[in-house]
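Quick heads-up: it's one chain on its own, the form predicted on its own, in structure tokens.
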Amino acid sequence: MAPDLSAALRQRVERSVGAYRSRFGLDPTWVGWGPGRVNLIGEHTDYNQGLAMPAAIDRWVVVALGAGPDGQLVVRGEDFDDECTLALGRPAPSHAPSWQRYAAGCVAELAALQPLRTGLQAVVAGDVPLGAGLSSSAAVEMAWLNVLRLASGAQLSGLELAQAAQRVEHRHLGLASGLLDQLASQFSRVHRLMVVDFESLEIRWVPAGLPRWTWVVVESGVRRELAASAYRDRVAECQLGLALARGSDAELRGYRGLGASHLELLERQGHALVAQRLGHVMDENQRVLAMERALASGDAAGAGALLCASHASLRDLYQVSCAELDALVELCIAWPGCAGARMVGGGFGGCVLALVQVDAAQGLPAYLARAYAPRFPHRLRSWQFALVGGAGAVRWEG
């Protein structure tokens, strides 16, 4: 067991190892983990070659893995109290639960890069909230792919693992997702934020800053599913907008070359909705850079204003918010000591992220619960988080 795991991660690892021991009667050979992530700003920019500022948080998915029956993948989903036996290296049936398709997809994508020498058996367990916009899916993928890399001896970089995880979503889950979640889960560093350029795939790590402030996540209670048609529509609308802009500008290489003149042309051509979508992406990229400056200079008010502007853009231009998220943002902003808030994740439910003074954060959850309950039937959950390192794997030695 690696001696430098944090106490919180060690606790999650030991839970999964214990579940593996209970199910299979022996210890696992390898253990891998992937953290969830929060995206401070830069939403719906990754698949548009834009910028984002994510970080991994202290919620993890852990995969305990060992050799299993030849040709088989036996997996217990501890959090679902469920188990499956699948053909090793083959996709799960399309009607299978998503946790099974993630497991089979990760094994299939890794096996396509490095042949597996034996069957596998595993236990998967975690505490990243499902459907909350904190990327439980990427945590699952990176936990699986890191432990499979170790078990198989595959010589793959962290970027290659992240790209394999993206293929899992595209090929096995039908999600037209970008690389934000996987890169954040794989490459995050303790007490640091990432600035990711999805055109070049370059990453910078920057201090979180704002020592007298804290980030609070508020889960709306509304589950959202990225495979929903609305998410696919946004991807297609942006692709259409770029294609139309290229039709009038042969020198336009990609999304990052778009300017106000392209949007004006799209509007004149009757594509105002497409222009709105691309307008959000262009403005959001600038907000990422502005957030980096605000954090570096200790400008909490400026950082909060950027959060609010991002939410307004996601609500009005990209149209991926919902009544519950809008209400939570308004309530957070009204709380004394809150500099700003916005929805995070794919949208249509999930979480809100708020920047709150440390001294004011303790009373926020109770206030939100009181104000939210008369309007919506969902149960709120709120928590602060620590910024942690990225995914990894170890050979289990007890």
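All of these numbers come straight from a predicted model, not from anything done at the bench. Quick note: we count residues from 1 along the sequence shown, nothing fancier.
In what follows, reference is made to the form predicted in complex with a small molecule, a form of this protein that is not presented.
Using a 4.5 angstroms threshold between heavy atoms, residue 180 counts as touching the small molecule in the predicted complex. For the chain shown alone, residue 59 is not a contact residue for the small molecule in the predicted complex, no non-hydrogen atom being within 4.5 angstroms.
Using a 4.5 angstroms threshold between heavy atoms, residue 349 stays clear of the small molecule in the predicted complex.
Mapping the unseen interface onto this chain, residue 345 counts among the residues with a heavy atom inside 4.5 Å of the small molecule in the predicted complex.
Taking a 4.5 Å heavy atom cutoff to the small molecule in the predicted complex, the contact residue among 47, 30, 335, 372 is 47. Taking 215, 187, 231, 255 one by one, only a single residue has any non-hydrogen atom within 4.5 Å of the small molecule in the predicted complex, and it is 231. Just one listed stretch, out of 352 to 360, 36 to 44, 62 to 70, 325 to 333, contacts the small molecule in the predicted complex at the 4.5 Å heavy atom level, and that stretch is 36 to 44.
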